[in-house]
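Given as structure tokens, the chain that follows is alone and in the form predicted alone.
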Amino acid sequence: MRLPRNLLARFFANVLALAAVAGAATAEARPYDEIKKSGTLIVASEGQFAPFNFFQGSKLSGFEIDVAEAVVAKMGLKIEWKAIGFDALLAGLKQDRWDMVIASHGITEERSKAVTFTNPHYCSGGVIVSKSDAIKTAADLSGKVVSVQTGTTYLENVKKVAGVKEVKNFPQDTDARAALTTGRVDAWVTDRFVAKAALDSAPAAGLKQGDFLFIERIAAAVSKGNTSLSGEFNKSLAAIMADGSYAKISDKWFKEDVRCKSR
């Protein structure tokens, strides 16, 4: 029986979709030995989270980009960068579309079920930003509308705050910031260094930084169980922290050392 042209098109589209799913399902994470033979580590980041990872023209830049470049060079490898939306980064890692993700992912119990984290490359936390002196603490968010980026720990933690009137989440953190500057929300929760950069770059916007909402350790991620890769990355991360390279990168971007301190 001949199918109408539109049904044929739909049939072949479904076949291609199933093939893509099957390909993703059968892909396997590359262990370190295989990566070393190729000479190149495929790393994905967002490119929309200054000063950690963002585009300067067509080039990925930022603190995390510099850290990754230094670590991977110490491993004797080159990086092939991929830039993609934050929500798709860990999903793509699970499908083994890239070897590693470095995009300011806080280490959480839930994420750790799906990926293997490296040792943290910095410690930070989510802070409250508003245009009002009356909104500084978690308690001050009661009855307020708060903006955050989708898929982040900022979203998770704001949802835990009692009394928040509404949480508006956006695909990019810059959108969440814009919602505050244009008066569509009462507060924005983001990384403390992102907040500092926003206040420094646009003092006329009238943004004010409040208290920490939570503290977190930030790390790169590899496919679940790919300990050969995470282990080598950890060795080289420790090496750049010991030889002064990390301190120089941190000072370049923040004028302080942002590594996690022992308590």
Ligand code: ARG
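Since the structure is predicted, the reported quantities are computational estimates derived from the model, not experimental observations. Residues carry their position along the shown sequence, with the first being 1.
The following text describes the form predicted in complex with the ligand, which does not appear among the structures shown.
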Choose one stretch from 41 to 49, 228 to 236, 66 to 74, 204 to 212: the one whose residues place a heavy atom within 4.5 angstroms of the ligand in the predicted bound form. 41 to 49
I'd like to check something about residue 111: if you look in the predicted bound form, is any of its heavy atoms closer than or equal to 4.5 Å to a heavy atom of the ligand? yes
Report whether the minimum heavy atom distance between residue 188 and the ligand in the predicted bound form is within 4.5 Å. no
According to a 4.5 angstroms non-hydrogen atom cut-off, is residue 152 in contact with the ligand in the predicted bound form? yes
Any chance residue 98 has a heavy atom within 4.5 Å of the ligand in the predicted bound form? no
With the partner omitted here, the residue among 218, 29, 35, 60 that in the predicted bound form has a heavy atom within 4.5 Å of the ligand is 218
Heavy atom within 4.5 Å of the ligand in the predicted bound form: which of 79, 135, 103, 161 fits that? Just give me the one. 103
Residues within 4.5 Å of the ligand in the predicted bound form, restricted to 51 to 90 and counted by heavy atom: 53, 86
